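Shown next as structure tokens: one chain only, the form predicted alone.
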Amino acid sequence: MTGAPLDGVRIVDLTVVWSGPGATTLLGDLGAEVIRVEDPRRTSRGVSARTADREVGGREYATRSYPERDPGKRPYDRSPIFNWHARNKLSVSMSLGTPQGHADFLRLIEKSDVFIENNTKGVLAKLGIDYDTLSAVNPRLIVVRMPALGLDGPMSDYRGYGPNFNALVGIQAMDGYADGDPTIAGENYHMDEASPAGAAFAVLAALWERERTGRGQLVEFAQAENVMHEIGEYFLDHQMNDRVPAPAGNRDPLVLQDVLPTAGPDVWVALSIRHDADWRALEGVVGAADWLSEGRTGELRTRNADRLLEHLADFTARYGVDELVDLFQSAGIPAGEVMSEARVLADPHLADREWFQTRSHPTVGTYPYPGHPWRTDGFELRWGRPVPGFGEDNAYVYKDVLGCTDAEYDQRVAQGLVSDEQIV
């Protein structure tokens, strides 16, 4: 193979927040040209100049995530929630709600391979770009829609975000510690975490199918249904044994594990004892202790889990986290520090693997960015520009992709249909 797998594949991106942009990030890593279509009068990056002004004036905490806590003149370019999944993408300003913008969008669709969006169910119909319209323009187009609860059925019009739907499928009820109230365990965004890889895989499968048939297709990727697969064993357990899962904290029904204190203030180590061999290794680390006899079989560890973890906590609290991780890992026992953001940035393992990549952008500055979630032999994953400034690629898309003349492009700019600034 020469180049990346998706070289020459063009993806039109009309996604928001995390799950959709996360999917197109993975596809861009594989070499696809991802073009984000962004309306200058709508906020698609989680922040606009207007909301940033309000945050600076009345909600200082909301600005803390900006680089140096400064929204700058273009806060929509400096939004962290956008920056961390914006690599390898282009940005074009296009007003879909206008006749000219609508026509330009369909011209872009005609020259593209994939269109992906994760808006609420009715958005495409309102914009006049439903599947029938798009496929008529480009029969080879693959359209991937990511509704939370599908495109039909009694709940398909429900609106919300990740934690709402996690609660709907049962994940929220399993959050928190065994003796705690699940409703105070904090927000869980697992639907947003699970959807990007699933949707990206669906695009790859559809592209493969198009190679065989020559036709595009509509992919309905219901995010809530996808995330149910992540807890499938609990659904089976309820169906077959009528058991309702309870919050378990960091525990596991088959593995002795927990997050334990260390000698450092609010520094914790995660530890898992998977089987008898791990327990024998633990005995070598701990040394002589009467309580070790209570965990020498899986049955004993399950029965005595609370007492064993109390003894382990007493042991770990006497040592620093680095020493503990070295002791356990050297013995073959899975263990690791529960790291803060600062510790992750300084982690020697990630540094050795060159996982963080330092990148620069004129309106953002120079910072380390998270790396790829996987690697492969045979080709290098793409790591290009870290973020597209709003409308930064207008000239390329309109002139090179759509074939507009200089005069046609300038006219769109003069009419306010094309801008390199968010107007809202």
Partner chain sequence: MTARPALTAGGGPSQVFDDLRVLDLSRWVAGEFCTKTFADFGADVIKIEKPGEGSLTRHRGPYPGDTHNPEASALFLHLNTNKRSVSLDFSTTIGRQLLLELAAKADLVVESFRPGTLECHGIGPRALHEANPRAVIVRISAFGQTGRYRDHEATGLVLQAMGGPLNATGAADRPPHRKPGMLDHCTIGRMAAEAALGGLFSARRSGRGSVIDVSGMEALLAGADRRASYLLTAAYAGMNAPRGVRSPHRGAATFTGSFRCRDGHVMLYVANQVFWNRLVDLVAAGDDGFRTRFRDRFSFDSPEEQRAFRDRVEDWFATRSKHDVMAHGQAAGIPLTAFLDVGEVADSEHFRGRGYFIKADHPAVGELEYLGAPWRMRSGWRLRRTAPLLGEDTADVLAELNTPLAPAEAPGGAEPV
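Numbering follows the first chain given and starts at 1. As the structure is a computational prediction, the values presented were derived from the model and not from experiment. Under this definition, the rigid core comprises the largest set of C-alpha atoms superposing within 1.5 Å between the forms.
The form predicted together with the partner chain exists for this protein as well; it is not shown, and the discussion that follows is about that form.
Out of the listed residues 296, 215, 126, 307, 215 is the one that sits within 4.5 Å of the partner chain in the model of the complex by at least one heavy atom. Exactly one of the stretches 282-290, 299-307, 101-109, 233-241 approaches the partner chain in the model of the complex with heavy atoms within 4.5 Å, and it is 233-241. The partner chain is not shown here, and in the model of the complex it never comes within 4.5 Å of any heavy atom of residue 135. The partner chain in the model of the complex is approached by residue 153, whose closest heavy atom lies within 4.5 angstroms of it. Within 4.5 Å of some heavy atom of the partner chain in the model of the complex lies at least one heavy atom of residue 221. Of the heavy atoms in residue 130, none are within 4.5 Å of the partner chain in the model of the complex. Along 365-388, a non-hydrogen atom within 4.5 Å of the partner chain in the model of the complex is carried by 367, 368, 369, 370, 371, 372, 373, 374, 375, 376, 377, 378, 379, in order along the sequence. Residue 208: CA moves less than 2 Å between the shown form and the other one after rigid-core fitting. Core-superposed comparison between the shown form and the other one: CA of residue 220 displaced by less than 2 Å.
After superposition on the rigid core, the Cα atom of residue 81 is displaced by less than 2 Å between the shown form and the other one.
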